[in-house]
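As a starting point, one isolated chain is supplied in structure tokens, in the form predicted alone.
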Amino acid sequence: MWLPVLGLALGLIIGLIVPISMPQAYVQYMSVAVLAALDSVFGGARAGLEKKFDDVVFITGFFSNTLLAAGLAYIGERLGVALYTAAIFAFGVRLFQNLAIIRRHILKK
């Protein structure tokens, strides 16, 4: 469970320290990629609490979710269809589900 939390903390620290500004054209991709990454982190925390955490599954899920979300945003932009909303909806639902399960695990202890 410590690996997703460590990764999230490290990413937040790097994001706050490094002064990188995102061009407006990439904001859509970045927002979906951040949602996908957060989904992986919450999923990893959930798996850790359920004693099912696997480093390889977490790392591959993190990158595949992020790339899929960015790819959906790119294809949607090229087609003129807001495909990124599908990723936002899917990751948003999973985030809230994982958060609810994490909360229940913590409250049971």
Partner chain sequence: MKRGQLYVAIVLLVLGMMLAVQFRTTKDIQQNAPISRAQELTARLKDVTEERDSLLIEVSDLRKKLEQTGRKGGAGKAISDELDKARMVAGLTPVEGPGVEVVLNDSPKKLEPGEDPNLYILHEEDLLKVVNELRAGGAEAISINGQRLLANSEIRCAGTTILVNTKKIVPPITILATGDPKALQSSLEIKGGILETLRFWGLQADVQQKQKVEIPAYDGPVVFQYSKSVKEGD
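So that the term is clear: the rigid core is the largest set of C-alpha atoms that superpose within 1.5 Å between two forms. These figures come from a predicted structure and were not determined experimentally. Numbering follows the first chain given and starts at 1.
Same protein, other form: the form predicted in complex with the partner chain, not shown, and the subject of what follows.
S.K.: Quick one: is L8 in contact with the partner chain in the model of the complex, heavy atoms, 4.5 Å cut-off?
M.R.: Taking the distances in the model of the complex, the answer for L8 is yes, it comes within 4.5 Å of the partner chain.
S.K.: Looking at the partner-bound form in the model of the complex, is L49 within 4.5 Å of the partner chain by any heavy atom?
M.R.: L49: no, not in contact with the partner chain in the model of the complex.
S.K.: Can you check whether S31 is within 4.5 Å of the partner chain in the model of the complex, heavy atom basis?
M.R.: Looking in the model of the complex, residue contacts with the partner chain include S31, since a heavy atom lies within 4.5 Å.
S.K.: Taking heavy atoms only, is Y74 within 4.5 angstroms of the partner chain in the model of the complex?
M.R.: So Y74 does not count as contacting the partner chain.
S.K.: Three residues, L16, V27 and A37; all within 4.5 Å of the partner chain in the model of the complex via heavy atoms?
M.R.: Yes, the whole candidate spot contacts the partner chain.
S.K.: Given a 4.5 Å distance limit between heavy atoms, list every residue of 51 to 77 close to the partner chain in the model of the complex, or none if there are none.
M.R.: The stretch 51 to 77, when checked against the partner chain in the model of the complex, contributes F53, D55, F58, I59, F62, F63, T66 at the 4.5 Å heavy-atom cut-off.
S.K.: Does L8 show a Cα shift reaching 2 Å between this form and the one not shown after rigid-core superposition?
M.R.: Indeed, L8 is displaced by 2 Å or more.
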